[in-house]
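A single chain, nothing else alongside it, follows as structure tokens in the form predicted on its own.
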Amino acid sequence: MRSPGYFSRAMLGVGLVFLYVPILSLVVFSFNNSRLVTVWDAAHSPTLKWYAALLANGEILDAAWLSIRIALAAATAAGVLGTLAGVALARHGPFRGRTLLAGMTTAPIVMPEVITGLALLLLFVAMEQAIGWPRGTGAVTITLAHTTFCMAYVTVVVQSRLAGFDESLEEAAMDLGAAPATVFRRITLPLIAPAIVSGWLLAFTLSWDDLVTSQFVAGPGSSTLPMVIFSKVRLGVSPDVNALATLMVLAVAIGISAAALLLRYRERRRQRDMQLAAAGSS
């Protein structure tokens, strides 16, 4: 009877090894003294010279800063548009064009990125010829392209949250005389805020990581960090890329740890408030 438990733990261990051993090896080789990224230099001690080389690499730093700016702008725009679309699909019931809106908002999720990138490139070229904007391809077109497919993910997350939402809270607020806009701002928005934040973080990650779509709509001087890394991989990876990946892993680990600590603190605070409330009522 205990064999399924052992099997489950064994499969969990295999999955964790499969996921994290490559990342761990990448971190280890970022301290390698050799210029070869897959051969450890046992004759010399570990070094930090590749981190210093990374900080002196203007191409990678400029690409990283551009990716951060694009990801922030695209995630924010996708968060606003995706939230509005999710509320419309979840709350307003059947209306003319609902099926079309639902299909258009979810199409980028299942559409191959090659088709999405090519379609957006043709759209931007047609817009430039028709109205003169956007002028050429660059950071603006990358931001617009990222907003397009990131919005779909935010819409799905917000719509899923609203599907199990307790509407009695909104009805009680309207019975007390609150306007619909006030109800949305004071009741609905705070309750779906975790879904909006989750959608924003997902959109930021997708925008930061995108390569295929960005290659279609990027112009000269607007290479994002994934594009720069991909070009280096094709020409031969240098150890400073390992250092860059290690710093990114460290940033993600810090963010996850901070979020976990914040959630634990909020849960303890909620339990303490419930205990105080129970003690006061007794």
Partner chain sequence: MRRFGSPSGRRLVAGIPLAWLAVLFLVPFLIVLKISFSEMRLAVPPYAPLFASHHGVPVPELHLSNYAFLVSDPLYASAFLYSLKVAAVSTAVCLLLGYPMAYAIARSRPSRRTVLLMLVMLPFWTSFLLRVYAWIGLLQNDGIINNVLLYLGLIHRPLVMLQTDFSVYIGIVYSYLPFMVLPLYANLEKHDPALLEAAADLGARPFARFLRITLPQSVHGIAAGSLLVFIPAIGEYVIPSLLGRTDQLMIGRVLSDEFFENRDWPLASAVAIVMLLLLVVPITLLQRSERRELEARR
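Predicted model only: the values in this text are computed from it and were never measured. Residue numbers count along the first chain shown, from 1.
The following text describes the form predicted together with its partner chain, which does not appear among the structures shown.
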Please determine whether residue 219 contacts its partner chain in the model of the complex, using a 4.5 Å cut-off between heavy atoms. no
Residue 252: heavy atom within 4.5 Å of its partner chain in the model of the complex? yes
Determine whether any heavy atom of residue 47 comes within 4.5 Å of a heavy atom of its partner chain in the model of the complex, and answer yes or no. no
Does any heavy atom of residue 136 come within 4.5 Å of a heavy atom of its partner chain in the model of the complex? no
Though the partner is not shown here, which residues of 44 to 76 have a heavy atom within 4.5 Å of its partner chain in the model of the complex? none
